[in-house]
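Only one chain is shown below, in structure tokens, and it's the form predicted on its own.
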Amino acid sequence: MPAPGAVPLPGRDPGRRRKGAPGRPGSDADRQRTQRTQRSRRQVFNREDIYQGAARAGRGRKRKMSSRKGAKTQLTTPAAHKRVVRVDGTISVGQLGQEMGVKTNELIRKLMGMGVMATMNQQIDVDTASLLATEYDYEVKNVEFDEDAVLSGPADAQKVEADPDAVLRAPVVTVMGHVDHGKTTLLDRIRKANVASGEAGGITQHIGAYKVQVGDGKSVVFLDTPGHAAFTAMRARGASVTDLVVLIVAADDGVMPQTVESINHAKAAGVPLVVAINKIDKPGVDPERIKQELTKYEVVPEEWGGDTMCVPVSALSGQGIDELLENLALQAEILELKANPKKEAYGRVVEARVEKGRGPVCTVLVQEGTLKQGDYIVSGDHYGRVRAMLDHTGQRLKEAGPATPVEVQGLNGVPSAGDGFHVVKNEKDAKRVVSSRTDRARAQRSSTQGANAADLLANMGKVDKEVQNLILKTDVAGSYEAIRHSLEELGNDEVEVKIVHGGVGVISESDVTLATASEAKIIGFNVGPDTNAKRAADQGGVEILRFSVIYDVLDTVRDMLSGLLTPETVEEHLGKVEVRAVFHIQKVGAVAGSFVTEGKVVRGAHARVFRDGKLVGQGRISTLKRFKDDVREVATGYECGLSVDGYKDVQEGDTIEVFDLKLVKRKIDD
């Protein structure tokens, strides 16, 4: 029974028993219908109460808000705050519209009104984005990472002169010249070491940097650049980081093509030139002839009224070496070269390579500041902490001041030769610089990806070239850059070289896998395959070519390209015959009784029939007889009977020229 005073729910019979209790009237279906009816009634009652309460509360809040709004309007209106869109250098039109909540088509119409044709994925700069955002009460804030705020760069001469912390530094001298003119031998004489004997073919294959003491506590930094024609780019990099250029010219050879290239590189860099006329100890040489040849390229010796020092030397005997060093020291004093050793270090990567057990090793030239062990450095797309520094003799250094070449270990990759390196405060700044450079490069690639309609139309109708795919691996970055540049210049309108992959280090198994997929040949310059790569190459039939001299690489690839050229058809003259009678033989037809007046006649050769000097027919010699016997050829002064397949109207008095067609292999230099 319900408690006294309890009010039963509508539709509820307090006297009814619980489910399953004995004596409960009705069936199970009736009881279920009754329960559903009761639940629906309770939900309706609760919903109406909620709606009525919410309406009353809403009317009350509305009255309060209206009264407050009126009171505030009478006092003051708060200033509106502009919303900010952060842009990292550039932003796509679609992303800008998403940030501002504006449809992309509307932004594109606005840009067209401003004279800018853009698509949804088009990148726009900060200024253009600011003009668009202003119309929608947005402000654009440039949050692009500023490398200049983190990195220290090279200071110009005026700033160095005004810097109170600047001190005199050693000059950086680059040795240039034609191949085999004695550059490395001269440097050996200066630094009392033998480098050329360790180079394949006696030719310097990459740049070396050495610091040499030159009396009275002075020192000179020498950069030895390769003399082969393929290393033009490397010589250009040498001139860009140097203070003086020593141009080696062999007295017995004279001015050669690479000599002229070196002169042009030095002039382009605005670097003073000192000419060393080498091999003067050879009998019969004339240094005055060399000076005369140099004047053709605006290099005038001082004794002839010019501004170029010319010093006759002999790298083998040592003659004139002291005079050359004195002239270099004199030029350095005139230039008054200075640098601030207290700044954050900055310089250039002279060379880079991967060594087993040491990882990436970079030869760098410090130009400003002092590089210390433990510093974080950034070069190109790579960074790292300086774990160790070595000089050119292999001695460990704790720090390296301006104009000091050192080997650095600790980078996470191999930068390109010629890249600048900077010291940053910590690893976080180093990662931010590398990330910023990577993002910039990716954006640039995406913006230039794909050919436009003009390029497609221009390429329509052109014959596809035969392509020789190559994978190039070298020991150092400078060699890779120079060889790649030289290989890509090979070819002509029919064939070309494509470097599908390359880098510094040993040939790996992944290189072999890529070569198999791309049908490429692998070229290793001073490097070879590891164990796994050799096994994979043997199994897959991939050809690995190893070289130690660069012109052997170029000659081999040139032969590869020549093999891809379509052979040329060349006509070879065999002989000439005179028709003296015509015989008609059953089952054979007309047979020309002829006399061989020149050369020979060969069965199966091509023939042209001339009558009164005019070409009347041509074909192949199908029948050749000597009397009644079939013969292969008939020489000069003999009679023969022949028939020309394809021309049956041979007449007495005709002249028949006999020739053959041969396929001759072409070369890309042809």
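All figures in this text were calculated on a predicted structure; none of them were measured in a lab. All residue numbers refer to positions in the sequence shown, first residue = 1.
Although not depicted, the form predicted together with a small molecule is the subject of the following passage.
Chemist: Within 4.5 Å of the small molecule in the predicted bound form, do we find a heavy atom from each of H178, K279 and L316?
Modeler: Checking in the predicted bound form: H178, K279 and L316 are all within 4.5 Å of the small molecule.
Chemist: Mark T185 yes when one of its heavy atoms lies within 4.5 Å of a heavy atom of the small molecule in the predicted bound form, and no otherwise.
Modeler: Answer yes; at least one heavy atom of T185 falls within 4.5 Å of the small molecule in the predicted bound form.
Chemist: Any idea which of 375-383, 469-477, 544-552, 281-289 reaches within 4.5 Å of the small molecule in the predicted bound form, heavy atoms considered?
Modeler: Of the stretches listed, the one contacting the partner is 281-289.
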